[in-house]
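Read the single chain below, which is given as structure tokens and is the form predicted alone.
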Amino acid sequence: MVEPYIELDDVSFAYERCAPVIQALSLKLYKEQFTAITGPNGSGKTTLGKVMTGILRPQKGRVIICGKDSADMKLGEIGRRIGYLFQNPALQIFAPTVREEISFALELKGYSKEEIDSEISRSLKNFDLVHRSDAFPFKLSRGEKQRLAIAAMLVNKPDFLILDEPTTGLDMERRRVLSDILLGLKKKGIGMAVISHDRAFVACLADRTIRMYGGEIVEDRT
């Protein structure tokens, strides 16, 4: 029997002095499925993504990652297993150049210069950023920032990605490019959950679609 990669067990979360955003929610996500999480604004999708990655801690219930309670895991440990793309990718970009953004995690891990250069070259090519390698990341287009953020996540070699509204601000061509990238990652065995309003985008990618409303799951279909 296939074990879930991420499991939420009776999870509730509320921001300070606010009504619960997620209420007694139980959910299992599998690495073998590309899961789309949909629903209107305010339904709890983004909060769910942050709870699953440990950015937010639930007031009730447990989040289990690869069989381990996330309450017993540091953010860095979770980050090595799950890559998270913020709705605004600029929030997770900080290095002075595209090249350094990709190399940061590799340098922390103690990779050699040759290994780092090889990984950077591969990432720049895979994400169509070769011509922007020395650019200041905040000068990139929205689509380029999306691709850079994903490239920087992937050098950590996570087994699972959670992407929050990855098509926001992208034109049809950039949606197509992103779709091709995600399909390629799916074929490599990387699990994914995509939080999105873009039904046309997720329809061609998702094996499973979850719809949320009022902090609860109201539909779950494969």
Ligand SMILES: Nc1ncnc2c1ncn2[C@@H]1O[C@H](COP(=O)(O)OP(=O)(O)OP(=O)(O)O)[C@@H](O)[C@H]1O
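Throughout, we count residues from 1 along the sequence that is shown. Everything numeric here is computed off the predicted structure, so don't read it as measured data.
As for the form predicted in complex with the ligand, it is not shown, yet the points below apply to it.
Q: Quick one: of 97, 141, 87, 92, which gets a non-hydrogen atom within 4.5 angstroms of the ligand in the predicted complex?
A: Comparing distances to the ligand in the predicted complex, the residue within 4.5 Å is 87.
Q: By the heavy atom within 4.5 Å rule, which residue out of 25, 202, 210, 21 makes contact with the ligand in the predicted complex?
A: Partner contact (heavy atom, 4.5 Å) among the options: 21.
Q: Decide if the three candidate residues 76, 81 and 104 all line the ligand in the predicted complex, where lining means a heavy atom within 4.5 Å.
A: No, the candidate spot makes no contact with the ligand.
Q: Can you pick the stretch from 179-187, 44-52, 63-71, 166-174 whose heavy atoms fall within 4.5 Å of the ligand in the predicted complex?
A: Answer to the contact question: 44-52.
Q: Is residue 31 close enough to touch the ligand in the predicted complex, meaning at least one heavy atom pair within 4.5 Å?
A: It does not: once the ligand is placed as it appears in the predicted complex, residue 31 has no heavy atom within 4.5 Å of it.
Q: Check each residue of 8-22 against the ligand in the predicted complex and list those with a heavy atom within 4.5 Å, in sequence order.
A: Heavy-atom contacts to the ligand in the predicted complex: 15, 16, 21.
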